[in-house]
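One chain comes next, on its own, written as structure tokens: the form predicted alone.
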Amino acid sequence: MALRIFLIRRLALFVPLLLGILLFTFFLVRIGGQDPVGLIAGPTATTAEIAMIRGQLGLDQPIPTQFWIYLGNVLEGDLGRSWISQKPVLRDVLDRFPITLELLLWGTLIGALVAVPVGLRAAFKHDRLFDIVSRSISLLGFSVPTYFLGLLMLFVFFYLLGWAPPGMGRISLMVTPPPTVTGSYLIDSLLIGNLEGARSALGQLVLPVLCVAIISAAPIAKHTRAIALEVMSSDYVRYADATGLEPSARIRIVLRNSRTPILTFVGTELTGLIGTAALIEYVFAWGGLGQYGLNAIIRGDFSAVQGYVLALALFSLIVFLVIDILVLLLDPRTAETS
């Protein structure tokens, strides 16, 4: 019953949040200073041709009218047509989102599997050598720009060492991509038993996933350490120390009370990385939703930008909902404060 009420409350927030995101994105792309009509028409277009294109795009209407038309189309599942790809934006988003999701999930999973134990050990070894070294490495991970990290990976592992394939997509140009089932070339190749395609897809995955893992690991390790230190300074842990509990029992208490905030932060980091991944996709020509959105922003493709932002918003809301459910299952007391 508590879970049902919790879900109803959370889902009730989706509608106003999405409406606000649609409104904000719609007006933001229109005050950005870019006019897609000029880009579509070209430098040699006449005034009549420009007016015709503006009318076809609905840009000759007042802004409030444009928004109501756009909102009605979204409710019908029509996100418009991208003038870059000449395809419906919804189709582009659905085709490219699994590509980005594969990169994000692998990178965040590997980053969390490394960073959470490191952060916990740093907290238990507070101000000792391991803690100092791990904090220094985390600071380095924070400092390196995303695009520079991707270029550095290619320079070292492809150009200098020759260990990795070139950053030219998700599979070698000499290998035929598998039929689309999940959107992941690695999984789809394994499903049909194409080992050559699976090896090629895995090789292309390594460097971009490693970049995402490094970017995600630094903040996760830092916040895991901070969360564990805060728990260790709480009254119940100090009481456990005073009663003379064994160190293993003390560690279990800290881990049990740290897991919920750590899980929440990892979910938050996952939603933040979907925007950061656009630069990694651009460097490695990954062809996912991030690269699609970045191209749309640069070239002023209104419909594609709006569809991209809406997809990010929906993804974030779903991730937060899943995290809230997991937190509720781990600690039912949170339902009383939600």
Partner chain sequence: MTQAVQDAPVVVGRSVRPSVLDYIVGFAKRSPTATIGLVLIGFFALLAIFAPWLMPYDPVAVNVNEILQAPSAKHWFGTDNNGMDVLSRVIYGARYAFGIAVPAVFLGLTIGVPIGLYTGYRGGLIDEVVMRVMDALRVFPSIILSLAVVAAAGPSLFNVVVVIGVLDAALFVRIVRAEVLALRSSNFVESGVALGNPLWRILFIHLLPNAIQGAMAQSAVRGAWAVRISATLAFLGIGIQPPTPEWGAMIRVGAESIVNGQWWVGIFPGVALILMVLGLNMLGDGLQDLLDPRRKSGAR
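Residue numbers count along the first chain shown, from 1. If you're wondering where the values come from, they're calculated on a predicted model, not measured in any experiment.
One more form of this protein, predicted together with the partner chain, exists but is not displayed; see below.
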| property | result |
| --- | --- |
| The partner chain contact in the predicted bound form: residue 21, any heavy atom under 4.5 Å | yes |
| Partner proximity in the predicted bound form: residue 225 to the partner chain, non-hydrogen atom cutoff 4.5 Å | yes |
| 4.5 Å heavy atom contact, residue 292 and the partner chain in the predicted bound form | no |
| The partner chain contact at residue 70 in the predicted bound form, heavy atom, 4.5 Å | no |
| Which of 99-107, 134-142, 76-84, 254-262 lines the interface with the partner chain in the predicted bound form (heavy atom within 4.5 Å) | 134-142 |
| Of 63, 51, 28, 285, the one that lies within 4.5 Å of the partner chain in the predicted bound form (heavy atoms) | 28 |
| Sole residue of 187, 206, 152, 245 within 4.5 Å of the partner chain in the predicted bound form, by heavy atom | 152 |
| Contacts with the partner chain in the predicted bound form - residues in 261-275 whose heavy atoms fall within 4.5 Å | 268, 271, 272, 274, 275 |
